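Form predicted alone, single chain, as structure tokens, below.
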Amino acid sequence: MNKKFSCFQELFSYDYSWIPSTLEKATPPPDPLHDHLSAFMTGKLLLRNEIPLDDESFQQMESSDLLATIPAIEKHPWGYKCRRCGNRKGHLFASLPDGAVYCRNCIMMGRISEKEHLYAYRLDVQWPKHIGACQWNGVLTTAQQHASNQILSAIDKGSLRLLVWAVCGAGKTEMLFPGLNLAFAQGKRVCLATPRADVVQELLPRFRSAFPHVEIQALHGASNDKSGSAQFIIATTHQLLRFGRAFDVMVIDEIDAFPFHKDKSLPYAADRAARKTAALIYLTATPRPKHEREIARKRLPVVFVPRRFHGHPLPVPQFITAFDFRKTLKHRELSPKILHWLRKRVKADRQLLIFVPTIEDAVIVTEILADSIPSITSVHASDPERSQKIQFFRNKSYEALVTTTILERGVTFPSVDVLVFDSGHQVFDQAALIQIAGRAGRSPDDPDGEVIFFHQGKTEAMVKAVETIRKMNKLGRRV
């Protein structure tokens, strides 16, 4: 085997967690086929049916030593391991009628069995260098600039991790711009991954506006173009299951969000998608305890931004008891406490963003309020029209939007009051409640949106969420 590629075989023999990076830039042979495929295949882990080649061309690439072949599922004395998602849990493997074992954990990405292989393209791509790529003309605040400088330094040095702990509405996206501007000037490849498809869809136009000359693609379950061949990829974390050692800069937005912090295969995929020399930038407003422990032990560098970009404090949620919420809802009615608050709203020109625990609650609440608020709709994770509804709400075609926790983070509406019905429900943990409260007061023209938790009894999550918001506001006053 060519010495240039011997590192692949060696690493495959003992390191099953990582896809090895190309250690030197390689120039593909002068073949139009390879030129066409390089951008599509570089940094990917693909099944045979995901590679757009006929059998003859595919075999030609194999015989030319351009593809590394990796067993899709490995059998060990202790059980099976999926090389795509890292799954080792026995109950998440099953057998096909022919006896072949397949992985159920990542089946949403297409079935993968022990009779198949993953293929990694051995050659690298020289990404273009964009000098002065960022066309954003805004000005960062002092706190934003401090965080932005730390991000830029991490990207420049590489091989570093950095946690950006910034309150909701601090302007995390804008803080990334100088660092990404440097990355593209250096010809680096960048990925920004987030757990929610709605966030991907919101971020895409913002980054395309800021970096108009950089090729940017969005990858999520419903995206039309899933080639993943651009220099800048904005993706859901699930889409990273198809990548290996692809990116020089990896930004993980909302690292505390479901399902990223619950599904071990997603952090596994995110780490594998980054090159060994990559800068790893984590963004969050509500770090999980494990990240706080890493910070306390000085194992995770952190930069803290406790103030919103417009300088106003975070809205502090109010508690209003509505003990009869479930009882009245069964009769297709709302608690008198909720109806009373709606009637006495001081600033009715704000839109209403209403959070409920379940899809069934969303449907019923929307039906009840339709008599008093004709321009109202609801969205949830399985709603095929959710993107359109969210955009209509953003355009103020709807006065009120009833939602489950899918809109708890990552979306921005300029002027809303936020209501949480049955805020003591188990789906509303501390992080979720902080994020939900952060939907209000995001605009400098209206920084005082109201946040109301209608509850059937205070929970620890509710109390701690408010304590944290007050703490952030106190810290923010010192900045």
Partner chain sequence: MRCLNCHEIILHQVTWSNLFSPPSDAIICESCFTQLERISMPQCSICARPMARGKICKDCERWERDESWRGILEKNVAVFNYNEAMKNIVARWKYRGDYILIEMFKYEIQEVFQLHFSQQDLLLVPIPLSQERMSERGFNQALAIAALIKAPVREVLTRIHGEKQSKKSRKERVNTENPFQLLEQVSKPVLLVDDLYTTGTTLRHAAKLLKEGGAPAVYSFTLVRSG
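None of the values given here were measured: they were computed from a predicted structure. Positions refer to the first chain, counted from 1.
The protein also exists as the form predicted together with the partner chain; that form is not presented, and the subsequent description refers to it.
Requested in this report: Indicate whether the partner chain has at least one heavy atom within 4.5 Å of a heavy atom of Val139 in the model of the complex.
Outcome: Because no heavy atom of Val139 falls inside 4.5 Å of the partner chain in the model of the complex, the answer is no.
Can Val363 be called a contact residue for the partner chain in the model of the complex at 4.5 Å between heavy atoms?
The answer is no: Val363 has no heavy atom within 4.5 Å of the partner chain.
Look up in the model of the complex whether Ser159 has a non-hydrogen atom within 4.5 angstroms of the partner chain, and give yes or no. Output for Ser159 is no: heavy atoms all beyond 4.5 Å of the partner chain.
query = Would Met108 show up as a contact with the partner chain in the model of the complex if we use heavy atoms at 4.5 Å?
reply = It does: once the partner chain is placed as it appears in the model of the complex, Met108 has a heavy atom within 4.5 Å of it.
Query raised in the report: Exactly one of Ala222, Leu204, Ala185, Leu96 has a non-hydrogen atom within 4.5 Å of the partner chain in the model of the complex; which residue is it?
Result: If I apply the 4.5 Å criterion carefully, the residue I get is Leu96.
With the partner chain left out of view, which of Ile373, Leu92, Leu342, Ile359 would have a heavy atom within 4.5 Å of it in the model of the complex?
None of the others qualify; the residue that does is Leu92.
Stretch in contact in the model of the complex with the partner chain, which is absent here, among 351-359, 276-284, 189-197, 98-106 (heavy atoms within 4.5 Å): Only one stretch passes the 4.5 Å heavy-atom test: 98-106.
TODO: Within 4.5 Å of the partner chain in the model of the complex, which residues of 224-257 have a heavy atom? Give them in sequence order, or say none.
DONE: The stretch 224-257, when checked against the partner chain in the model of the complex, contributes no residue at the 4.5 Å heavy-atom cut-off.
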